[in-house]
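Take a look at this single chain in structure tokens; it is the form predicted on its own.
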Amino acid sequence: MSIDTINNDFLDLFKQGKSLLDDKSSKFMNTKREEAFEQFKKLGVPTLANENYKYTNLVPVFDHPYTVDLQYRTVMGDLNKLFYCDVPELDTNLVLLSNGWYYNQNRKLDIPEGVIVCSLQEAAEKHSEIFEKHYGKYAKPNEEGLVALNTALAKDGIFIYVPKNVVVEKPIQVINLLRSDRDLMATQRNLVVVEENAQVKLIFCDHTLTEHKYLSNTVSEINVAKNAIFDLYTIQNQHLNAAILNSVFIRQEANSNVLSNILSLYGGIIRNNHYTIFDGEHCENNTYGMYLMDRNQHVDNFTFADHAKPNCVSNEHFKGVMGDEATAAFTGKIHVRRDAQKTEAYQRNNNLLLSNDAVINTKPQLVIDADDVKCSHGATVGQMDDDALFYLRARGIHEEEARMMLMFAFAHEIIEKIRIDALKDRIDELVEKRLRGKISKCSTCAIACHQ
């Protein structure tokens, strides 16, 4: 199927399903939907001709007869009984989504007064003032085809609001469960608003409960206000028939602090778009990423740090371990604008190749329009350090165990940045098992039912 055919199919889907899309959605969302539809007409699904997607061919991903649910499909059974995260040490406020739709659960959240955690649809209706101030303001459909497609088809997702001066002690864990009796394309839209002096930690987890083919197109908009502290952890651990397209847009105001950690542990095709704009002075942003790929898996991380205001600091570090015939790509862009003096921006991408057939394409980039800055970027691609391996073997450690220790130490530099101890321990355990080849999917999540 050609890209023109794919794009036309989505245009037909929108036209034919418009009444279903508009149903139970706010007028504001539907207006944004119309605007995005017009932008998708111009942009379409990104192809290899798009410089930002030159290493990831999305045409085969979209060239499949997926089912697209334009209205909520009732979940058979209680998802709270079908699925639970079997890590008792990980004490979180657990929220479930089903195929991108907020799951109405009978679970009381341990959150302070004034904090809002609800569906996107409910937010548009009941919290319209906050919703309309931020929805569609940071993810721009006119610049990115996947965002335009998401905005045109978006019906639901999660809305999180943390009021001024409120600290949410217990992390919020959002688990999106892909569960269907047929191949499915899911559209999820999230909006997170962290007000002045507030603090919250958010964990996004994606899981598949059936072996069908899935395509997930998710967009998250996040606003972090003055002096706020926000942690975002994205854990991607699905099967080989799953394609994850994940776009995150973060706006930081003055003196805010953001930590983002993207952990791609398993999946067929993964594309992460991570945009940050520094829209106030003295912001700090630390963005980390780790990807473990083997077989014929593919992961592509695209980041853009937009230093629009002076006196901000960004630090970015991505690491990958590639085996078999796996492929990966990293494109990191740092733009220091003319007035963003005293900027400090650092970027690194390090890759470890375990086979001759593994491939990594890495392209760090700096665009500096200011003259009083400290910026650096770099990338490395290599194999196992023979000297380090010899050192370990000389001390009686078996070669296979020595290799595993070096790989784990390489990956752990990213894991140790996690600021939730139980989550850090969980990822450590999962990565070690993954590197030893003991598991292919998440073993710390209990699935009681597959259908």
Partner chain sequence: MAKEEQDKILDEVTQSDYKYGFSSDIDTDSIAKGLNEDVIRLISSKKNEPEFMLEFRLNAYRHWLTLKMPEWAHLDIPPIDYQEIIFYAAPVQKAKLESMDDVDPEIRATFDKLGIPLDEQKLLSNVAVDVVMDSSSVKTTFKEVLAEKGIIFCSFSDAVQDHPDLIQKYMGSVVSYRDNFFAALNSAVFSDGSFVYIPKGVRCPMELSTYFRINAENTGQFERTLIVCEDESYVSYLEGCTAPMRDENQLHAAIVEIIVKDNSEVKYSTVQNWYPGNKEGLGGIYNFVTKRGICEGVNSKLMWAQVETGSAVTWKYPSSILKGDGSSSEFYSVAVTNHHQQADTGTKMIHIGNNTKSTIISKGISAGKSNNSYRGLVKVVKNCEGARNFSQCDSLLLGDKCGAHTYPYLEVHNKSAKVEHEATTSKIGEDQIFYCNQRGISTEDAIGLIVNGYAKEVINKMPMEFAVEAQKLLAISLEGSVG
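Numbering follows the first chain given and starts at 1. Just so it is clear, the structure is predicted and the values come from calculations on it, not from any experiment.
What follows is about the form predicted together with its partner chain, which we do not show.
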### Query
So which of 358-366, 293-301, 120-128, 307-315 is the stretch with heavy atoms within 4.5 Å of its partner chain in the model of the complex?
358-366
### Query
Any chance 414, 417 and 433 all have a heavy atom within 4.5 Å of its partner chain in the model of the complex?
no
### Task
Spell out, yes or no, whether the shortest heavy atom distance between residue 65 and its partner chain in the model of the complex is within 4.5 Å.
no
### Query
Looking at the partner-bound form in the model of the complex, is residue 341 within 4.5 Å of its partner chain by any heavy atom?
yes
#### Entry: 4.5 angstroms heavy atom contact with its partner chain in the model of the complex for residue 31
no
### Query
Given that the partner is absent here, does residue 51 sit within 4.5 Å of its partner chain in the model of the complex, heavy atoms only?
yes
## Note on the structure
its partner chain in the model of the complex has a heavy atom of only one listed residue within 4.5 Å, and of 240, 254, 116, 354 that residue is 354
#### Entry: The single option of 143, 372, 181, 169 touching its partner chain in the model of the complex, heavy atom within 4.5 Å
372
